[in-house]
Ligand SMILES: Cc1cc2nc3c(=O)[nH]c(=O)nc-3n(C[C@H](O)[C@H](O)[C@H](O)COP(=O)(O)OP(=O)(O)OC[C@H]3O[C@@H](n4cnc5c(N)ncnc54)[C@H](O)[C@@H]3O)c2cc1C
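What follows is a single chain, given as structure tokens, in the form predicted alone.
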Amino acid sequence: MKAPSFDTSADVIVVGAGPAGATAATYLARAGIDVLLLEKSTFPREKVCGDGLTPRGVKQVLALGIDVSGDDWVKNKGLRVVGGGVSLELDWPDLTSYPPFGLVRTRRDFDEMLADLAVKAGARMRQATNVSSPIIDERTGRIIGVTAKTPEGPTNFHAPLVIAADGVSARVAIGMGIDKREDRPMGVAVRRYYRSDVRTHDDYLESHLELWDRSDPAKPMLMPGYGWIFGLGDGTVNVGLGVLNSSKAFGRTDYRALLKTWMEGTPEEWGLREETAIGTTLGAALPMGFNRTPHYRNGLLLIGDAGGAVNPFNGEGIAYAMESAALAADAVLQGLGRPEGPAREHALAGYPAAMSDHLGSYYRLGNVFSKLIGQPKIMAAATKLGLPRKQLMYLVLKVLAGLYDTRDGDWADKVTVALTKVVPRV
């Protein structure tokens, strides 16, 4: 292996410069840690996503000190839920824990902005650097770096700690023997952009709760998932759908065809037709409910999709990726502040404990929910009975979006907290 012309050693290696990796790298670099941020693609690049941030995601953006007042950001004030012949607009709740507005910005812009922020903080980012496997100390079993394909050829990078933010592929975790859990939910999302002057400006994120698979006209099937229409404010919209694996149709459904059929059924004046489509329909898997654990082992921390941090209630990933990154960065700072050995390991073990405290009970509730709505009769009944009742949907919004105060909240907050406490451990 030819010696590279750049420094391949660091205090911490972060694999993946998406929202999780860039956030972790920013916090660490700001604290004076030498961080190598390795990204397989080159910016700007596309990602399969709805491009929407709920107040939970906005909180993480603001925590990084990012100004969201400019034209690059499209603000929204709530969620419009459509289904069963009902359209209900729900404003984001007024909470002490989260801001009262959401944002929309394409991942093409958003991810590059976050990566640039990490570099400005002092992280050394290497693009077009595709990490393939961990480097493991055979004597201790600890990760001591990663191997990657780079423009200069195969290259080894070394650090005493590695943060895996390499998404659903989770190559580093798999190389360390951390496999995904089959008892946790998995989703699939597909999305496409369209030109639409009618739908591009919207004060609400729009979610459609009835997705019908009509591939067999004699047996239409209600899918466990939802569709979205998010206006981008520039004459375009992001349209997509997400489906859970709790349905018998999972893996046997043509999701791109399902999205096309749905668009063909929307009002003509919306303009969501093949001739107004921008680019192709892209798809991706959504690892949910902590489907890959432990989140720390032998010098490796898993954050974002690599640790299955997608919300099993609603498929939201950005907020939870950034939250996991902040928790991991804190554990790493505590660990590096202590000598190698038991003291450092004790600090690093605080990361999976923090993840469990932060989201464990909520995600267990979400895992139960994902199994229930996989049954078409339950999904249909929930849509029919819930949507006409605004007070009930107010509670549902808080539960599904994770937008509730854990202390001194209103009645819906208290109900949500109570639900997370009674869900059984598995």
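On a predicted model such as this, the values are computed, not experimentally measured, just so you know. So that there is no doubt, residue numbering starts at 1 and follows the sequence shown.
Omitted from view is the form predicted together with the named molecule, to which the following refers.
Colleague: Which of Leu90, Met113, Ala189, Ala159 has a heavy atom within 4.5 Å of the named molecule in the predicted complex?
Modeller: Only one listed residue qualifies here, and that residue is Ala189.
Colleague: The named molecule isn't shown here, but in the predicted complex which of Arg292, Arg171, Lys260, Arg344 has a heavy atom within 4.5 Å of it?
Modeller: Of the candidates Arg292, Arg171, Lys260, Arg344, Arg171 is the one lying within 4.5 Å of the named molecule in the predicted complex.
Colleague: Picking from 78-86, 91-99, 299-307, 137-145, which part of the chain touches the named molecule in the predicted complex when contact means heavy atoms within 4.5 Å?
Modeller: Only one stretch passes the 4.5 Å heavy-atom test: 299-307.
Colleague: Indicate whether Gln334 is a 4.5 Å heavy atom neighbour of the named molecule in the predicted complex.
Modeller: Judged by the heavy-atom cut-off of 4.5 Å, Gln334 is well away from the named molecule in the predicted complex.
Colleague: Is there any non-hydrogen atom of Gly167 lying within 4.5 Å of the named molecule in the predicted complex?
Modeller: Within the cut-off, so yes.
Colleague: Please run the contact check for Glu316 against the named molecule in the predicted complex: heavy atoms, 4.5 angstroms, yes or no?
Modeller: Yes, contact at 4.5 Å.
Colleague: Can any non-hydrogen atom of Ala20 be found within 4.5 angstroms of the named molecule in the predicted complex?
Modeller: Answer yes; at least one heavy atom of Ala20 falls within 4.5 Å of the named molecule in the predicted complex.
Colleague: Candidate spot Glu206, Lys398 and Ala412, all three in 4.5 Å heavy atom range of the named molecule in the predicted complex?
Modeller: The answer is no; none of Glu206, Lys398 and Ala412 reaches the named molecule.
Colleague: Though the partner is not shown here, which residues of 44-81 have a heavy atom within 4.5 Å of the named molecule in the predicted complex?
Modeller: Read in sequence order, the residues that approach the named molecule (within 4.5 Å, in the predicted complex) are Arg45, Lys47, Val48, Cys49, Gly50, Asp51, Gly52.
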